[in-house]
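As structure tokens, the next two blocks hold two forms of the same chain, structure 1 and structure 2.
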Structure 1
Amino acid sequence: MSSTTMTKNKKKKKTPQSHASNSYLRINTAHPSPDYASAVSYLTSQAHSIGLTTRTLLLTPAAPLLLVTWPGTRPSLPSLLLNSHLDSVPAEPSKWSHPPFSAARSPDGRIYARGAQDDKSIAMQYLEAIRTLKNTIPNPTRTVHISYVPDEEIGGADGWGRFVESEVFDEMRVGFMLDEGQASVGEEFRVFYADRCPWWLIVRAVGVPGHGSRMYRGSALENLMRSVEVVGGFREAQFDLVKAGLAPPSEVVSVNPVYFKAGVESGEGFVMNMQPSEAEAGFDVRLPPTVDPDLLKRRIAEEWAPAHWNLTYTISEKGPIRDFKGRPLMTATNDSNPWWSVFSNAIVAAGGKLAKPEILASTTDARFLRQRGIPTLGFSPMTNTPILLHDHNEFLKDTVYLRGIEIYEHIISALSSSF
């Protein structure tokens, strides 16, 4: 079905759509105790009200994964997958103007809730877009799936990490996936073709202990401070590229210190007249897929934590940076990817405009698909909206939410066609 035909035939029911989203926002799916059962139950009821089939997978106990399916007339075609995660990060209620799971609406249409942007909005927009499309066609050409997955906010090991290895996933024959993106403060929709990969780096130092008054070389803290100074210089050089406009933040390697641990504790704090024999620091490192990970590992070994400074280190790689063929973990945004042209043309047909494709500064479940060589884009249709994911007073305006449904109607209509 063409986008033009869809636009002529669709009938909007904006108030019920907005109310449905609010109901989902009121379910507390924040860690450490997300109410997955209520979320899955609610989404299942919404899917059934549209006439979609559902399947709940328990790949991990207490972490259900909901799979919603709109069967296509040509199931032999690679399927379209729309992804959203069920969980959200915690909120500090005392720092919010409204309770974070109240879905309170301000007079100007702002809906305040944890997950309003990240990413319960797209979870409901998928369903509401299909609800409208089913008024004109009973089934698409290619099968459309929606996956609602657990544990994205804590790494996804028990969500997509298990799902992508399952027989159910293989049977879906996914050809393309849309996952979450981020809000745009301007008029253009943002789209992401890659994520940065997180490494958690811990540097440990040892040295000779001694009295707090002594001045000598080789103490643990001195050795660690030398490492921190070198890392800080690298961080500043990367930041200079961003400040000079030579690279966006997501295309450099970010290194941020997250903790320091040292000192000899006593009942009243730390022993102030004793230099400790051990110290360590933790860094959150984010690599764009354009960076050679082996070169960075060499830099860490030779410059950041050299053994001759009595330093050791560990790296916890929290995601792949290469796909199964050893290629950078990126989705093409040119004519070599037929899904890209259909997606981008659908945005234009909906009256929207795409910004230059970006690398996402953080990490999403999209990496699991890209590692398998499946083209995946990050996209959340939120324009003229401040970026508030994981922030206090996270909100999304009702008009932006409803406009997003219209955008997905065009996208799903186009991508579920045969081409």
Structure 2
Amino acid sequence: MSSTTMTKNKKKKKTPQSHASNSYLRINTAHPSPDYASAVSYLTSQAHSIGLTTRTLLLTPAAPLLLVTWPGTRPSLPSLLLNSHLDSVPAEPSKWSHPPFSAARSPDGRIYARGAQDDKSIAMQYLEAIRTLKNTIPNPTRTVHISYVPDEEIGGADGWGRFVESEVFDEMRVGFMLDEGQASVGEEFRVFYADRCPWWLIVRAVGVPGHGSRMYRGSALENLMRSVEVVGGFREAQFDLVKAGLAPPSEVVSVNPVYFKAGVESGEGFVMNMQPSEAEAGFDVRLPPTVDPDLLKRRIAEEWAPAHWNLTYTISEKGPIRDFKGRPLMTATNDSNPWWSVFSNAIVAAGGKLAKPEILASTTDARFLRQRGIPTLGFSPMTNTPILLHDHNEFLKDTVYLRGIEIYEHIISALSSSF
């Protein structure tokens, strides 16, 4: 744990190109070696320029976590936490129209960068919104924290997984957290009250090796292909529900193959006339909170990877799927949750429209808070924007980014007051 610094509040005017965010987008935060040091140092300097307190936590040496604080006048009230992860998924630069860490701007204002949507925009918008609010309110009623957290994209074990267990987190007494959401292709802002839970499934096959010309039963690849066919059938059935309009995409179990690995290699590439004795496939599986995980586990064992086909499997469960009381991880979006009412009213006060609350198709660190019963919503203020997270040519328009700052001004102002 290192320095705590407070500087004086300087009144600065926001200019549209204070796309300070561009400097942040240019830091290469992609796995497998995200430049956390530069990201933390940049965000720290931005926070100090507004007069906010910062702390860098080294819960593991390679993965710093930055905590920014705007102290409230009534610190006894539960605090508001705004969360953003520091890391990004890798990009394939040769497939992009602009280098992924250039933050290149097109004539119509699209800023291209890996992380432009996921989720470096909110990282900067939180700060810019507070920069503006500080001009009129030196301190909020309730304490506002921003957490910049490592390793979200790889499961969060060394990020939120450790943070949530720390004394610092307990001392923050978080009452409500806002985390990232996803872009909206229409006019309405999207908000997410739950995530799907990721299981990373690897199916391994062994089998009879032999000459590439021979037809026989039980080769490793034949065994693996049987598994792929069964998984594919399940996938089609889930997809059919979505296509028929019977379920939103985030309310079915998705299962997508993400790699296949097989073949005997020589220095020249794959040996084409040998059938290998081993093969494996990787699947990204996502479970909505409404699904019974034990039933899916049974299906995997009995149908997707049965031992009698010489198949074995591992499931890497990325985080919790139920809270400490055994309930699905969901945040209430009705009057029973006062944070919800204040949040949704703030969007309206900002002139925005909110879509019906959804389950997020992907996964965020929100699950670590929901597991502890802390209400958490996923929200990234990006309307009229194609959904490009983890895709090539990820971008965000400058006008959308700037509008997002105004939205956060309303939200932070409302949620940090007492109610």
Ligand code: MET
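Here, rigid core means the biggest group of C-alpha atoms that superpose within 1.5 Å across both forms. Residue positions are counted from 1 along structure 1's sequence. Keep in mind it's a predicted model, so treat the numbers as computed, not measured.
- In this comparison the chain labelled structure 2 is the form predicted in complex with the ligand, and the other chain is not.
- The chain behaves as two rigid parts between structures 1 and 2, and the smaller of them turns through 12 degrees against the larger.
- Its Cα shifted by 4.5 Å, E229 is compared between structures 1 and 2 on a rigid core fit.
- Here H211 exhibits a Cα shift of 9.1 Å between structures 1 and 2, evaluated on the superposed rigid core.
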